[in-house]
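The chain that follows stands alone, in the form predicted on its own, written as structure tokens.
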């Protein structure tokens, strides 16, 4: 009885399984590069953080190429170099974000106390200890102003996006041109416009409503353009199916297209809020600022976190500057909470 000799192993492979040997080699190479970088920087003309980054990138690229040549030969040389460039580009994109978050958290955490969320600066000086006063007036003011701006802007922005994607009327080009032009309007111009029209011409007082109108001008193009791109991703088959079932155009849009794009529309709203939540210039000209907690957005100067941060920063006092960093940290946390909430609501399935 003869025995069949198989030329290859027919057992199935698992490419997704972690190769422990490869992982160990990569880890050792990474550690070697980390230890070599300071030594090379010390003996080379390259100094400082930038020099260390250049040396680290060069050594990591060379090490990656050497490992690839040892493992698979010269065929993967180009792929290894391209992979190193991709990782480097990703790191360069994430580095400013990580640096920004680290700086704000490191400098703002010192001034965050429980009274920061329960007290205002009505009877507290900017250089008072952190246990006195707080940012309640700025948090409440930011919430009210952004909420009013959202209520004004979101319906207009979504209807504009629906007109550009679903109706496509004769004014489509003109409306798209206006939306694109508004996206380039400087924030100070929006504040000057509301200041001139409402406060100077009509004689209204500084108020949260005026600030909300200025922010809505900046928020509208972001919401409209993002929602338009989201609605373009909805397949035409859904629209045709709705019409085939006897639905009119507006019922198809309201009951098929918009629910299908719900997650993207919520993302557009969050992007719009993030766009205007940190604006300071329009608020200087419209809400004026206040150190007392005010919930009436009409005819009363209000506070907001960007203006709170700006006013404290310009004093030049160390304690006040730390409070300003704390206000920036609170603003980042609020935007993060809104974003996470919107993603949870947008990703939740019905039924």
Partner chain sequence: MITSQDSLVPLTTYSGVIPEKRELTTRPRFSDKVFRAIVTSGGFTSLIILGLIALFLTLQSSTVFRQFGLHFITGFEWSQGDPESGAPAKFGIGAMLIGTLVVSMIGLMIALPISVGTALFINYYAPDWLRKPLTIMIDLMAAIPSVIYGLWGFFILMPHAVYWAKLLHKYLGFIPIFRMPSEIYERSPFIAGIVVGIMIIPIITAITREVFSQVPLDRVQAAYALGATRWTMIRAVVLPFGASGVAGGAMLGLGRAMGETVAIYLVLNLYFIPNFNILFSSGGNVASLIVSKFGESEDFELRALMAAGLVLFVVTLLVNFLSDLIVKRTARKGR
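Residue numbers count along the first chain shown, from 1. Keep in mind that this is a model prediction, so the values were computed, not measured.
Note that the form predicted in complex with the partner chain isn't included here; everything after this is about it.
(message) So, a 4.5 angstroms cut-off on heavy atom distances: do all three of 112, 151 and 231 pass it with respect to the partner chain in the model of the complex?
(response) No, the candidate spot makes no contact with the partner chain.
(request) Note which of 129, 235, 186, 259 lies within 4.5 Å of the partner chain in the model of the complex, where distance is taken over heavy atoms; exactly one does. (result) Of 129, 235, 186, 259, the residue with a heavy atom within 4.5 Å of the partner chain in the model of the complex is 186.
(request) Consider residue 160 of the chain shown here, and say whether it contacts the partner chain in the model of the complex, taking contact as heavy atoms within 4.5 Å. (result) Yes, residue 160 is a contact residue.
(request) Would you please decide whether residue 239 lies within 4.5 angstroms of the partner chain in the model of the complex, comparing each non-hydrogen atom pair? (result) Looking in the model of the complex, residue contacts with the partner chain do not include residue 239, since no heavy atom lies within 4.5 Å.
(request) Indicate whether residue 57 is a 4.5 Å heavy atom neighbour of the partner chain in the model of the complex. (result) Contact with the partner chain, no.
(request) Find out whether any non-hydrogen atom of residue 118 is located within 4.5 angstroms of the partner chain in the model of the complex, and reply yes or no. (result) Heavy-atom contact with the partner chain at 4.5 Å: absent for residue 118.
(request) Could you list the residues in 201-226 that come within 4.5 Å of the partner chain in the model of the complex, counting only heavy atoms and keeping sequence order? (result) Residues within 4.5 Å: 201, 206, 217, 220.
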